[in-house]
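Below, in structure tokens: the form predicted alone, a single chain.
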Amino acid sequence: MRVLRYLIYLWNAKVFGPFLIRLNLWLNARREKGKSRWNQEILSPPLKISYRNKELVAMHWLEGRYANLGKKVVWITSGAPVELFKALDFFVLYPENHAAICGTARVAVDICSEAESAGYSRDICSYARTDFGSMLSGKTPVGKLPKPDLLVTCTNICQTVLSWYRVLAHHFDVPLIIIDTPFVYHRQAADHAIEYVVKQLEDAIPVAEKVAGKALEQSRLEEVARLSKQATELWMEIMKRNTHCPAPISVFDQFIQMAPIVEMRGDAITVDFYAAMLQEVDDRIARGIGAVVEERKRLLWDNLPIWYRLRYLAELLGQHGIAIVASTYTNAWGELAHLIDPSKGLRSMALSYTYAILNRGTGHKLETMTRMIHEFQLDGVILHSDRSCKPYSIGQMDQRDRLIREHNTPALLLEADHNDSRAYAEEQVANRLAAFIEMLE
């Protein structure tokens, strides 16, 4: 029976399913050929590598649909040490990534409502509510989510994940690994804090091995860490290319193209993808192609994207020659590449995951923004005050004021929610952006 289940998994996830995905993408490309989905007078055509991104993401979620037939499955927070579980051959699913797909597909509100009907408050993070709603109803735009065999959460992004994953553990009745990363109040974390994280990783290994049914091989862990480092370095290089004027890609492009660095970190295909993307970005620079056709002003975006209004914001700003060329959010997935050292095993892992941007003080984020203002030659900042992501949004009013007062940089605080469109006021956003654009001009 196990052999039959595995053969079904291979056929659907690795053979017939991928064929259907590629055929569907090819047919869609044929249908869309010559039909512009963007205003070519405002925005340049999308990256050609976007086709490959769609394929990778579709393949990932296709495998997830059948993963329980052939692999052990771990659900994990985006800031958790995924390399450990990749090395044990788990299929890795990020509920946050799934929630973002729901937001982009504009089905998040419907799914969140399922959670709210079950008693979960609208004050809870909209990613968590999307996850709970999908868990309870089975609703998802990706077909089907696999049942987890193991849950892993790390506190370096927020404290919400503790309660979030305890709910999941209770519902699915599976083991839960918690990695607690002490908050970094100063520039350096204390040695005992790093050792505390290392000890937790050591304790996590036998639990993960038991679920995986296999022992962790050091050589495999080093290989996954090496691939993770390479992909992260390539992602950072791609973002650095936006120091060029005009910027070859926008942050809206980055929000879409960041999917592999989040949900496929540690895979060889992710390294290949970003190597190809870097080549295309360099080609754009050589040909003088900018993301915004007539770039006149350059901005920074702080916090998560507003997934359901990406195109609207890109076109609205593009009409005025405004390109958002840098983001603290996309930067967070590349800035710690230098801390990844495959030869140093768990200690390197503890360092790189402890220093995540949301596990550090608001002063660090302000320093990051001011550095990026100079490095990317920016004219202003938009701070998304995200109703759902309080750890990212805390301190933004003070950061805005200091950017204006101390760095002479125009800054706008824009209130919304990254996934729940009910917390998004179209007229208010439009009015605030119009006033900000007028000030920039």
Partner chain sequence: MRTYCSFLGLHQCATIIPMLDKTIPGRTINIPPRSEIIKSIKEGGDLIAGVFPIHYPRELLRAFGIHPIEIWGPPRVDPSAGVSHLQPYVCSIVRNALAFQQSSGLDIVDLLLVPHACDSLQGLGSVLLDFIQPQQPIIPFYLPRADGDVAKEYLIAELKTLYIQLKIITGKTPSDDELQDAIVKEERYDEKFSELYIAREELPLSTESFYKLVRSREYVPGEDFVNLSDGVLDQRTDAENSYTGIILSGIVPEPMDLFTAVEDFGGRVVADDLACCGRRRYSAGRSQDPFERMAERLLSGPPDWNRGNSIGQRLDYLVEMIDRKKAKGILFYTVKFCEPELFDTPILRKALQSKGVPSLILEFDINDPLTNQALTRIEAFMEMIA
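Residue numbers count along the first chain shown, from 1. Since we're looking at a predicted model, the values are computed, not measured.
Missing here is the form predicted in complex with its partner chain; even so, the following discussion is about that form.
- Scanning Arg220, Lys214, Lys147, Arg166 against its partner chain in the predicted bound form with a 4.5 Å heavy atom cut-off leaves one residue, Arg166.
- Just one of Asn68, Ser385, Asn53, Ser44 comes within 4.5 Å of its partner chain in the predicted bound form, counting any heavy atom, and that one is Ser385.
- Segments offered: 361-369, 248-256, 230-238, 345-353. Contacting its partner chain in the predicted bound form at heavy atom distances within 4.5 Å is 361-369.
- Contact check at 4.5 Å (heavy atoms) against its partner chain in the predicted bound form: all three of Gly119, His170 and Ser393 pass.
- Its partner chain is not drawn, but in the predicted bound form it has a heavy atom within 4.5 Å of Pro182.
- In the predicted bound form, none of the heavy atoms of Thr409 sits within 4.5 Å of a heavy atom of its partner chain.
- In the predicted bound form, its partner chain sits beyond 4.5 Å of every heavy atom of Glu63.
- Within 4.5 Å of some heavy atom of its partner chain in the predicted bound form lies at least one heavy atom of Leu162.
- Of all the residues from 108-143, those having a non-hydrogen atom no more than 4.5 Å from its partner chain in the predicted bound form are Ala118, Gly119, Tyr120, Ser121, Asp123, Ile124, Cys125, Ala128, Phe132.
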